[in-house]
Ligand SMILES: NC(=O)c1ccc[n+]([C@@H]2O[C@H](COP(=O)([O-])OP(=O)(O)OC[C@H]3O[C@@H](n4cnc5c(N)ncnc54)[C@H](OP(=O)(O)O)[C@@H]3O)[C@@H](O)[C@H]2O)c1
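Before any questions on how it binds or moves, here is one chain, the form predicted alone, in structure tokens.
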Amino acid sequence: MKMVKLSDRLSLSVLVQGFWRLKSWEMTTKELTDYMNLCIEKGVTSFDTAEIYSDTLCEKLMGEAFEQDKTIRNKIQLISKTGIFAEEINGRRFGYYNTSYDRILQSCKESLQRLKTDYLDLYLIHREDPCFDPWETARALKELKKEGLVKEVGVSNFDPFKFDALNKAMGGELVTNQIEWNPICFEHFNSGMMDYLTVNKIHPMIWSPLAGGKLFKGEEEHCKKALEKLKEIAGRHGEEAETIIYAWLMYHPVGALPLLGSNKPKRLELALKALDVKLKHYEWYEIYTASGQQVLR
């Protein structure tokens, strides 16, 4: 499996296994450790989670798996996130962000306890906070690195302005931005984020590469158009459309790392096949424009 260097201290597998749907998988701890070991065997050694996933339950379940099979933790790169919280107000759940110094330190230590580990390989600020102080956030992240609780830090879902603000406060130490990108989502192309990452040689992690399955339901016209083109290109290569999507994401010079959201071995294999697909340059643009959302100037 190809490893992508994010820094001198950290490289991730080019495909990352995501665990945000772990609760819905309804796996026993043994079934979870078996799947984790299958991923490792296939070279997918980077595992992604967050404290907000199922209100911390996903971290807890992963920690139970690491405790049951103590060989797993030393074979993987473990990623988690902070910054999204919820309160009960007048009987209703209210979501908000908190990237303050004290909250980040507290969150990281709580995540480590749930995950039953001494450190995280990568710790991300989960969402761009409209009320964040980049200097305060950076102070917390730097302290976590200094204490050895995290190896590297980054962000998720940041626009170029907030990314640049925090990266300046960090002295250029942010190693990634985990962003949404798929054949029907181009937010970070249109914002300039993709260009920023490419020119600064910062590799993004890509969540929802299959648009959460929406692409394959074909309920909306832009999804139908994109899927039709994906199937056509897949036919040229003798592959499935899913495999072509992963190949398309990894073709871009930014050096993206797609996240896998399924626990099905077949879906894992379809993603792995993308490593051997050689797209034609024009095919990348066929997919880029297929949904009708992007137009070449």
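These figures come from a predicted structure and were not determined experimentally. Numbers for residues come from their place in the sequence shown, where the first is 1.
A second form of this protein, the form predicted together with this ligand, is not displayed here; the remarks below concern that form.
- From the list 231-239, 254-262, 32-40, 61-69, the contact stretch for this ligand in the model of the complex under a 4.5 Å heavy atom rule is 254-262.
- In the model of the complex, this ligand stays beyond 4.5 Å of every heavy atom belonging to Asn167.
- Put simply, Pro209 is close to this ligand in the model of the complex: some heavy atom of it is within 4.5 Å.
- Although the partner is absent from this view, Asn157 contacts this ligand in the model of the complex, with a non-hydrogen atom inside 4.5 angstroms.
- Among residues of the shown chain, Arg21 is one whose heavy atoms approach this ligand to within 4.5 Å in the model of the complex.
- The candidate spot formed by Asp48, Phe216 and Tyr246 is fully in contact with this ligand in the model of the complex: every one of the three has a heavy atom within 4.5 Å.
- The partner is absent here; in the model of the complex, the one residue of Ser80, Ser107, Thr99, Gln178 having a heavy atom within 4.5 Å of this ligand is Gln178.
- Between the options His203, His126, His188, Arg73, the residue in contact with this ligand in the model of the complex by a heavy atom within 4.5 angstroms is His126.
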